[in-house]
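Just one chain is shown here, as structure tokens, and it is the form predicted alone.
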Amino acid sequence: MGNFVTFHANRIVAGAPFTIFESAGTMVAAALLLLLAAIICASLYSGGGKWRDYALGALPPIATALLIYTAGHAARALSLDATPIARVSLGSGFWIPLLLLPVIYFDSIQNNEGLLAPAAAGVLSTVAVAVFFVYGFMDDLSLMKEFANRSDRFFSELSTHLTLSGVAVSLAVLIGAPLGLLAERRERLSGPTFFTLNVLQTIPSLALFSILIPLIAALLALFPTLKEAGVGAIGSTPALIALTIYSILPVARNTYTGLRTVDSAIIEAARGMGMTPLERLLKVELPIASPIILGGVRIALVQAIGLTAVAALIGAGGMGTFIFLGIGQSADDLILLGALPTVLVALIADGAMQGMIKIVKPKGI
């Protein structure tokens, strides 16, 4: 953890790296390192046992909270005698364990369901981290200063990002699910359908945006009334169309696959009970295929959240605005202000969809 934080005299100049002991103090640094060492030892231990399950389930969230606390403590200590324009950014000694600890935690709780200690530790650690941020303990970090300077715009861009992603995936479900159903019912259409969707999927996002802009501009020239309806050649319109196009394939493919996996014997039994084709679809086939179909929606949603960041290049807004603004200004923390929420939203969406899949999954499947 050689470069735990970096101190910058201002937002532009290169900074000086500080170790965790230099920036956070001996006691706090030692506590964190001992906790990380215990997690590493438990991970490397091959003997198994309940103590290992509890250690790998409960210690990582506690270590994550302590790691974030240590970063805030280090930033506050380094900023005591500094000018208001000074910046304290996070280094590799912070980011590496922050990325690894959640991986260890989620792997542990997936392999050991039913343990209350990991769940309780996760909830308490999340509350503790929220308290750190809400009550200003982390305010001396450069990332939080960037947020404070742009808080109003941050929430506006976040709302735009979520709206674009959500609307695009909703449209993709309305288009992709019927396409998947049609391909399953008419097998001869499955080849051309998925060939076309695969071709569209392989087009790079920037290239697709570039193609859509002149096409929409030509359409607006033919139908000027579309401008009055809010349609534009740049901005949210081409972004929404492109995101929808990219999201159709996983929905259609999983709908097709899910319906194909339904046992023919079950369908025959439903037919023998006198069910109509529509009743068989709604009461038998879709409930059985729903976990696979929702898996496609999950892929589309996570993909759309990531691609929406790129849409900022054509004026669509979203969290990509901060990413590209930070790249232009060589401001790493401004880049993180856009990138970290994008990753966090994608993880939350992925977790929510996985939970929904478990809920709708019929018993016995």
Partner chain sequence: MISLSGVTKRYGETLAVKALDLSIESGEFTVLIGPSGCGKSTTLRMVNRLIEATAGKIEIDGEDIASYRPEELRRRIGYAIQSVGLFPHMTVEKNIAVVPTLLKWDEARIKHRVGELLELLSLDPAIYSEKYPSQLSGGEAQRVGVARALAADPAILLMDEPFGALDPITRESLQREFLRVQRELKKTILFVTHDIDEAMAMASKIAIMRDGSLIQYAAPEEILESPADRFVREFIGADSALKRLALLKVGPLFKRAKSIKEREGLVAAKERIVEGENLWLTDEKGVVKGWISPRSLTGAEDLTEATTSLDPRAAGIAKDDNLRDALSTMVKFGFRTAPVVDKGGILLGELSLSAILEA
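Residue numbers count along the first chain shown, from 1. From a predicted model like this one, the values you see are computed outputs, not experimental measurements.
From this point on, the text means the form predicted together with its partner chain, which you will not see here.
Contact annotation: residue 185 falls outside 4.5 Å of its partner chain in the predicted complex, judged by heavy atom distances. Its partner chain in the predicted complex is approached by residue 287, whose closest heavy atom lies within 4.5 angstroms of it. Using a 4.5 angstroms threshold between heavy atoms, residue 139 stays clear of its partner chain in the predicted complex. With a 4.5 Å cutoff on heavy atoms, residue 85 does not count as touching its partner chain in the predicted complex; it lies far away.
Heavy atoms within 4.5 Å of its partner chain in the predicted complex map, among the stretches 176 to 184, 145 to 153, 223 to 231, 264 to 272, onto 264 to 272 alone.
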